[in-house]
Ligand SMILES: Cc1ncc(C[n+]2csc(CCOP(=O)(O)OP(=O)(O)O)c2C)c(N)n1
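Below sits a lone chain in structure tokens, taken as the form predicted alone.
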């Protein structure tokens, strides 16, 4: 039932209860659409949070008697639902991954919180926090902390630092958080919570936000001003372009003869895909995409030339080498995108950077256009339209023909001549490509799959391609797929994992089964770290310690493959498992998995690139330093190649 007007100006609650009540009343708003800022909390409980946040989530959650408080936020929480929905996790790092997957699918407009106990539970958050902050995706971390009142010293799991009494293991989270505070007094929660929400909702500063909560303070009662629990709406800004910067940008585009636009993740975060399409339709400027930006244009749009950089297409990389103007939209220009500073090689090449963050807009000594990606693209399109500015016909013909040639290479990588043979990894993607629609979402992060996906995958919708490559964290895929499915409950969500990634973090399969979250997991078994094995070979490491094999008589890992049955493991965690031995089996299994309304796994052992052709090789360099001195011929040869390629690096001034 709805809340009545308070009869006093304060209400007595514990710190944890107050925090949950506060979070339930926070909203974002962009373009007139309001969303819950913190929609749910993941948690694993221990002595550091069970009596504080654990009790508070019970008080205001599914099983509490205070469910009527759901009406505190009529803008987005239906009456009768819990103030703060709770999800039970199995691993602290993977809970953060799930929350990050949810935030990315929600265009950073809605986030989730994660609570853990003090000690190993809290330090397990660090990897997930780094991933969130590097990718600039919001997540609220609420780790327990040691006693603020020091009743005993040290307490269980306390880190003793002889020179500083106020340091705990939670301080590990400081460098990977965009905002950090430790709440040592109840009243300190008020300014800290407000600052935390500001950062979560800020498109420039967002990332992991940590509020460390001493376990005694969590349970301490305080008379809270009722205004603390009033509904707050955090406006997510769309800053517009400065007129002078816009004018300079228009001049740069009009003067360019071989322009190339690089679409980054900021296009998706801003929901600027339609604005980018209109810009490309008007100007016919080719559009390449980073890992985070793939899907900014549909793959069959005439101006889309595919991924750029080390894992990109030959079409995009050749255009980058000869471009006289690079228009970066919402990109951080990582080393994969720039091929470690070797890709943009034309004499006098200049950069025009449309970015909401001034820090990124000034990279590569570029001409900045500091603004929201959508508003900047709209303004640039409007300013160019009266001039009828279009790329030259000869340039359009050049990249169109190159794109057509690249698509033949994709078809060749996807095609399986004999459907009764074991598929290669690209052929697995080819079978999936033939099955999915724009509704499907693919989640991946690490191993050899990101490279193959960036080169080969034909993105059909703005959010089909969900590859986390800012941190490229093994173990991200399965929990992130759960978060994505929470944000898009009616869409097929696929977690694509190799055997190395699967072994890192399969535990949230249990969560998917428990919650009935019908993700589809595809396990590609290639018996080792395929990506690093290939890299090791190119840098003179001879694939050392990258295969999952028994030791041979000489002590190396070159014996028989390990008798690991990952399909049986997934089944033991409660998942339905379909085994596919051939390409034909795979077609049947993937179709069955796509139609399933329960968590389903497809397990396939792939043919390795050692014996059959796989995806096209890298189209651009990546700087991984090679041993300067060595006796093994492979390392000596690799060093010679490294020095030749490193000499082509340049600093853009």
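Positions refer to the first chain, counted from 1. Bear in mind that the values here come from a model prediction, so they are computed numbers and not experimental data.
The same protein has a further form, the form predicted in complex with the ligand, not shown here; the description that follows concerns it.
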Practice task
State the residue from 448, 464, 91, 123 whose non-hydrogen atoms include one within 4.5 Å of the ligand in the predicted bound form.
Solution key: 448
Practice task
Check each of 424, 501, 311, 511 and return the one that places a heavy atom within 4.5 angstroms of the ligand in the predicted bound form.
Solution key: 501
Practice task
Tell me, yes or no, whether residue 213 is in contact with the ligand in the predicted bound form, where a contact means a heavy atom of each within 4.5 Å.
Solution key: no
Handout entry: the ligand contact at residue 530 in the predicted bound form, heavy atom, 4.5 Å
Key = yes
Exercise for the section: Report whether the minimum heavy atom distance between residue 316 and the ligand in the predicted bound form is within 4.5 Å. Expected result: no
Handout entry: is_contact(residue 507, the ligand) in the predicted bound form, heavy atom dist at most 4.5 Å
Key = no
Completion exercise
Here the chain appears without its partner; judged in the predicted bound form, the stretch of 316-324, 567-575, 469-477, 372-380 with heavy atoms within 4.5 Å of the ligand is 469-477
